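One chain comes next, on its own, written as structure tokens: the form predicted alone.
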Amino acid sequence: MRVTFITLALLATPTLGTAEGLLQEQCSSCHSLSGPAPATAAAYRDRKGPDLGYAGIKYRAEWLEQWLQKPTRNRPAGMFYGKHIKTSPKGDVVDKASLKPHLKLDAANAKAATTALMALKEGAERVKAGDYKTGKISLSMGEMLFDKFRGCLACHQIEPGYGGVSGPEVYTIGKRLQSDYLVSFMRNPKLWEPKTIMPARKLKDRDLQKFVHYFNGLAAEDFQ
């Protein structure tokens, strides 16, 4: 998974009176704020940014507020990699010129946007509080589970430039996403995104826990 790149279509200096108005007027052209999830492959492919109707149970507020002020790409090939690939002498590569950068927000607007986004909790019943049990796993054992046993490295990067590009990177996912949401999503990706290309691995609970341990360990490495 290389956590989902939030392409909020915000102006650099929005002047709206309320945080809710900011989301409606500046984000809704690229993001769904209330669902439902894309019901067709075409709609899924054409999304400009991730659905935000459940941002409050998905993202970590502290990360979100900082990211909106200094956005970085966590999907190396955009929302749908097939739209951002070109051929080259070395084979297919990411067409970086086709990826639009995210505009920055100042501190006040980033805080207002974060407050509004964290109030969006559609589908909260899908996440069980405390589903993730705090623990640790060595990075070497975590990588073996992630790559050798489950093949996740084919789509996700575990450090900058190392891994696949069709999904979001996972080396900052422990900072970006809430652990209980991660367990729920990995348990049944299609419950959240019916047309996702993320496979349903039918992971056992112990493996779900180990994956999140691993993601948190990667996040602690502080890759940039």
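For clarity, every value in this text was computed on a predicted model and none was experimentally measured. Counting begins at 1, following the sequence as shown.
Form predicted in complex with a small molecule: not shown, discussed below.
Participant: Looking at 90 to 98, 122 to 130, 136 to 144, 74 to 82, which stretch has residues with any non-hydrogen atom within 4.5 Å of the small molecule in the predicted complex?
Facilitator: Going by heavy atoms within 4.5 Å, the stretch is 74 to 82.
Participant: Could you check which residue among Gly163, Gly174, Gly56, Pro168 gets a heavy atom within 4.5 Å of the small molecule in the predicted complex?
Facilitator: The option sitting close enough to the partner is Pro168.
Participant: When the contact criterion is heavy atoms within 4.5 Å, does Gln26 count as touching the small molecule in the predicted complex?
Facilitator: Yes, contact at 4.5 Å.
Participant: Does at least one non-hydrogen atom of Ile158 fall within 4.5 angstroms of the small molecule in the predicted complex?
Facilitator: Output for Ile158 is no: heavy atoms all beyond 4.5 Å of the small molecule.
Participant: Does Pro199 reach the small molecule in the predicted complex if we count a contact as any heavy atom within 4.5 Å?
Facilitator: Yes - in the predicted complex, heavy atoms of Pro199 and the small molecule come within 4.5 Å of each other.
Participant: In the predicted complex, does Glu193 have a heavy atom within 4.5 Å of the small molecule?
Facilitator: So Glu193 counts as contacting the small molecule.
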